[in-house]
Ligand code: DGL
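Shown here is one chain on its own, the form predicted on its own, set out as structure tokens.
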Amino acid sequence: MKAGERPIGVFDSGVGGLTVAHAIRQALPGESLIYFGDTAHLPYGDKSEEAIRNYSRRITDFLIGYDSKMVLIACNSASASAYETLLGEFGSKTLIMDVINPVVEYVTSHNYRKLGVIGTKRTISSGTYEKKIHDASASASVYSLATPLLVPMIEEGFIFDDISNAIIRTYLSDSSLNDIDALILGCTHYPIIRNQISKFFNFNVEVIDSARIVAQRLRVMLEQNDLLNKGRAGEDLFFVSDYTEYFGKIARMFFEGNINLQKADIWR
């Protein structure tokens, strides 16, 4: 197989990373994907850094086993906790990309006065967004808020209803987010509720969807390494570490299309 024809590996703690996979499919229809959702251990947001690094190592090794030309960490918690580790251990075998650095590049190229970030407890407690944004742009103010109920809410299908609106309203009413210019969705699950979040702010705040930004940055990275597929896309493969019919239904909603989820118990 030619280098460019090799697949792109993508992983997340569950099915939220399928929002990024879908954005890649739209931006790069010639590429094939190998997706792994670690549904046996979700959510990563309340796990220790050591546990997340261990999960991420094993999943990356699994994706490299499918000859992935790139492994994308499509999870903010894993990006914050494991990116440097994976880069050091696997960077000689494949390209490693996270979902935080592309968003930081995007926001620091704009003149935002006050930025908000919402994400899991692990992502927010790591301070990764704040540190990276301040390192790149000392003038930007960044206010982070942990929103741990949003992932299980979305995974359980509570969206576009009174329950989800009440939870979103409760979180976003926090005074730290008053008068922000833009809000970073620091979790790949959150694009599913992007419109509800925008509506809360009366569409006056830019709600930054990392999925599209990451897909664009991924294309640039492949071009720079002469790894764009110039032929036809191969078969996409979708794996989860714990399968239920319910997850299959939710996954199709995230990917916005029909997919065949396969169980891969890599933890034995």
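From a predicted model like this one, the values you see are computed outputs, not experimental measurements. Note that residue numbering follows the sequence shown and begins at 1.
The same protein has a further form, the form predicted in complex with D-glutamic acid, not shown here; the description that follows concerns it.
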Which one, Ile180, Ile192, Val151, Ile197, lies within 4.5 Å of D-glutamic acid in the predicted bound form by heavy atoms?
Val151
Though only this chain appears here, would Val240 touch D-glutamic acid in the predicted bound form if you measure heavy atom gaps against 4.5 Å?
no
Given that the partner is absent here, does Tyr44 sit within 4.5 Å of D-glutamic acid in the predicted bound form, heavy atoms only?
yes
Would Thr128 count as touching D-glutamic acid in the predicted bound form under a 4.5 Å heavy atom rule?
no
Using 4.5 Å between non-hydrogen atoms, is Thr123 touching D-glutamic acid in the predicted bound form?
yes
Among 172-180, 130-138, 115-123, 81-89, the stretch whose residues bring a heavy atom within 4.5 Å of D-glutamic acid in the predicted bound form is 115-123
